Ligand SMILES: Cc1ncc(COP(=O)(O)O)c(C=O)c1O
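Single chain ahead, written as structure tokens, the form predicted alone.
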Amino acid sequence: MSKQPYIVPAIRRVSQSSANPQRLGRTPVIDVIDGVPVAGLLARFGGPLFVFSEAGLRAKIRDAKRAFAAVYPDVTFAWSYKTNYLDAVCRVFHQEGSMAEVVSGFEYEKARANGVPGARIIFNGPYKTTAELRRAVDEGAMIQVDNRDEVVALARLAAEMDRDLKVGMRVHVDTGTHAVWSKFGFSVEGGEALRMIRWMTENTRLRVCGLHCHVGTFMLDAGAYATAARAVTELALEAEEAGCPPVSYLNLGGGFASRARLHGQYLPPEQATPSFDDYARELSGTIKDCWPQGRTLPKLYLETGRALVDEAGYLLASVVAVKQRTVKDAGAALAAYGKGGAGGALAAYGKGGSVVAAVGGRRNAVVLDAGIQILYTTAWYQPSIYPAAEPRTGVQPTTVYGCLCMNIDVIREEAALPDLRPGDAVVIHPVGAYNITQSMQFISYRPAVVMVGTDGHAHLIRRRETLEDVRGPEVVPGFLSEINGTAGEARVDRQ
């Protein structure tokens, strides 16, 4: 028998269609929000449209307060304005007893305009002007000093006013769970924070009465708060031993995660996201363990935002175009976005003549009338996308594009959706945190926002923008008043 020729080993991808045409499951339908039909909201207010649930907001803050009240004697929540500073949203939390936590002069003015007195405002942030500090001092706000220059500015104000000023100090802690947020406050581990407290006590009329530590954002490890709580509690006791006044409060900031899903996150949010009880147990248990027995525990402030508002926010959008997208390597494309993927070819299935990605690398895609300019958080999170009516077909991998003239305007690289046609509505969720405050008028106007109240009615809380809203602050110099010999329609600066 002749010798067989040697064949060089090779490793190659094996492409195989899915054996289970239902592998993507069924996508739930969201056709009503708190009893109000999605179709009716779009017909009345137009789209795209942000919708907030008043009941959802109140349920979240009440759940958070319940969890902490069960394990700690004195806890106060402060609503994080930067997370969502729509007046109606802020006022819901203020009605529920929350203070205001602000990080700029703008947000301070927002809180005051909402009727929050200075004494109910926590003033954080790395930049506060002298005028803003003076106002905050005059109105009794809780100022958390962030850096040495701010310490100097406040020390001068105290000397000028010839009085002691109570302040809080922001510190940063290495929890071992993520990169340290060393931009903010003073280092605990390096001893910087203790040295600064001592210097302020000995050389100024500033009195540090509280310590503030915000460990990060979207913290999926509740244990990080135990590490931070231990560090700030021990710092408070060390400062007292060094002759500084005892602190009356600890502020552990925010950063609690919502049930959003990070890119690359394996577990579903329902399993990965700690509960308020988890956060409360880690925080309160650590402070109690570290605090001297027999002494009254310090007051605890919390400034959570995302976990309270994210899931109460929805974006209603409509399909404006249907496309077929070429995907040369579906598995690699999905992996690049950190979203897993089937790898190789995707099965063609469904009914009603649907066409899906198959061995040839074709995938359904839709274009919505909303883009990432109003969905800033899609850079980090994968929102769920639901049809707003019963589907005509089974679900299939679908790329969801926004309406912007930008190639990066991808809301979801792959979403499990049925066949969609122009005019079909979808509901994107959760989107309540940061999208409103970080949205911009890029290419299209920012949409209207409504709140579905506990009264069962939809209330407009911000109207849709118009051209005048965008042009309002602009001034055209006189020498640009004419275009090709024709006077332009512009407000002309004649000075």
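When you see a residue number, it is the position in the sequence shown, counting from 1. What you see is a predicted model; the values in this text were computed from it and never measured.
Omitted here: the form predicted in complex with this ligand. The next part is about that form.
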property: Contact assignment for this ligand in the predicted bound form, among 210, 387, 255, 402, heavy atom within 4.5 Å; result: 255
property: 168, 298, 305, 185 - the one with a heavy atom within 4.5 Å of this ligand in the predicted bound form; result: 305
property: Segment assignment from 368 to 376, 195 to 203, 217 to 225, 280 to 288: heavy atom within 4.5 Å of this ligand in the predicted bound form; result: 217 to 225
property: Residue contact check: residue 310 to this ligand in the predicted bound form, 4.5 Å heavy atom; result: no
property: Contact of residue 82 with this ligand in the predicted bound form (heavy atom, 4.5 Å); result: yes
property: Non-hydrogen atom contact residue 434 with this ligand in the predicted bound form at 4.5 angstroms; result: yes
